[in-house]
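Just the one chain here, the form predicted alone, laid out as structure tokens.
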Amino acid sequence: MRKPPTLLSLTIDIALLNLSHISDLSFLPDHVLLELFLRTLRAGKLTEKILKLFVATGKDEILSLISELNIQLILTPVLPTINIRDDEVDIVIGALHLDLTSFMEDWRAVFSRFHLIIVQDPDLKGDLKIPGGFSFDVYMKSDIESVVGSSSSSVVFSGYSCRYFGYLVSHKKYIISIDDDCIPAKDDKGELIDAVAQHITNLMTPATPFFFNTLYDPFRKGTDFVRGYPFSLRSGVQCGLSCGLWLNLADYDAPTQALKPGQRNSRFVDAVLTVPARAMLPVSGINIGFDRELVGPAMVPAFRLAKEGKFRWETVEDIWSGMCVKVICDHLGYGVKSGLPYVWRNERGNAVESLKKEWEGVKLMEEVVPFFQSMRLSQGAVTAEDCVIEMAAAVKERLEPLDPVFARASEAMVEWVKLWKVVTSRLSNSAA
């Protein structure tokens, strides 16, 4: 025969139902407090607020149990409280068109608050057209040559790679990079998206790469960690890279775009998620933000195809760079986010013609991805620069025998780190 519940058991049941409305538990006898804590755990109702309620009792048995179970209070607030100043951000634009008037006017409401670094593709002849009302510096072929020299053959800043020169010469903590064929997108309510503000939010709030949260980013307003998420991991880690998305012309490779010429991306998904540790992703330089101090040296323009052109689907330099960053973030304990913000990407290029140039890269990716998936860095690599040098040696050893393009990539990675150190030192000295 089933025994009827005790008065104590019924009392604890009621207390459990009303814990969120209780402000003090210190008056409870030790055995009652312990039973309530255990029942709270079993019911999956130990939130941050309730955990603080138990900790505030100061009871040794409760504190000891919390320690044994490795339950930790979240030290980082759920929403960011640090405000990034506008002068801590550079917006880098690689100019592949001479007339930037329409592009800049579309972005005026967002860009006008920040300093812009505009790098003209060194193969682009003529003067850029830029409307007034912006704070910017323009870098042309002569500026690039004055920094890296005219004879450098391994680090190339032409085409989409010109934006990397902007990453190199910036002295700001955060960099936002958006292609000149993109304009602000609208969200599912029809309102314009501030891509810069969203990238900054992604970078300022912690990433959670070591345990996947099924409600995506727990630091966004209106969400939190799900039941079962380890409390010891809830403080998260610094976010090094924010990968935004785009509407309209999707970032397909040339074969896919050639097979589906009319397909467009019209799905707006209001979500941000952290890419799990050890998972690779194809980063696109179309719409990204990153912490230059954490991962700047890993944004390396090293992998270029022999027939690389001026359309995004003819390039793989950002995919290679992105996998470098992801491996380095995993090693150093940083996070990478993907999702918001969206931009609207305009039509460009001919996929069938581009397929002739990109097919080499499509084939090489079958070697590149397993390489990065298996890459493990030594404990002696403690900075992004250390990691890039170590990865360059691995590229030379493991990939160079497969194709000469990898030998050039390895050389470019080493030269890039040398350039980064020289330019960063020069910037530090001029600021002193």
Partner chain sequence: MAGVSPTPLLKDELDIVIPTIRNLDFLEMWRPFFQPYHLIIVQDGDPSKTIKVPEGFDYELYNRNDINRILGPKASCISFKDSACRCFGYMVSKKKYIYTIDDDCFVAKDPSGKDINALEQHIKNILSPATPYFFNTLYDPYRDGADFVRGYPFSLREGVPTAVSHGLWLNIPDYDAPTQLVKPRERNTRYVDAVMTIPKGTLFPMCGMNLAFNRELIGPAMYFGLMGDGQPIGRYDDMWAGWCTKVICDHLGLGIKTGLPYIWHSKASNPFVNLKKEYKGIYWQEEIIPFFQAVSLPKECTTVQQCYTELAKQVKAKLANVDPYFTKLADAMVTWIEAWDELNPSGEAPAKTSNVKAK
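Bear in mind the structure is a predicted one, so any value in this text is a computation, not a measurement. Positions refer to the first chain, counted from 1.
The same protein also exists as the form predicted in complex with its partner chain; that form is not shown, yet it is the one meant from here on.
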Margin query: Although the partner isn't part of this model, could you tell me whether Glu366 comes within 4.5 Å of its partner chain in the predicted complex, counting any heavy atom of the residue?
Written below: yes
Please determine whether Ser146 contacts its partner chain in the predicted complex, using a 4.5 Å cut-off between heavy atoms.
no
| query | Using 4.5 Å between non-hydrogen atoms, is Pro230 touching its partner chain in the predicted complex? | reply | yes
Is Gly132 a contact residue for its partner chain in the predicted complex, using a 4.5 Å heavy atom cut-off? no
Is it the case in the predicted complex that Thr256, Asp270 and Val362 each bring at least one heavy atom within 4.5 Å of its partner chain? yes
With a 4.5 Å heavy atom cut-off to its partner chain in the predicted complex, the contacting stretch among 261 to 269, 138 to 146, 108 to 116, 162 to 170 is 261 to 269
Assert contact residue (its partner chain, in the predicted complex, non-hydrogen atom within 4.5 Å, options Leu294, Leu96, Val316, Ile175) equals Val316
Only hit among Gly236, Gly322, Pro122, Gly339 for heavy atom within 4.5 Å of its partner chain in the predicted complex is Gly339
Near its partner chain in the predicted complex, with a heavy atom at 4.5 Å or closer, the residues from 208 to 244 are Phe210, Phe211, Phe212, Thr214, Leu215, Tyr216, Arg220, Lys221, Gly222, Thr223, Asp224, Phe225, Val226, Arg227, Gly228, Tyr229, Pro230, Phe231, Ser232, Arg234
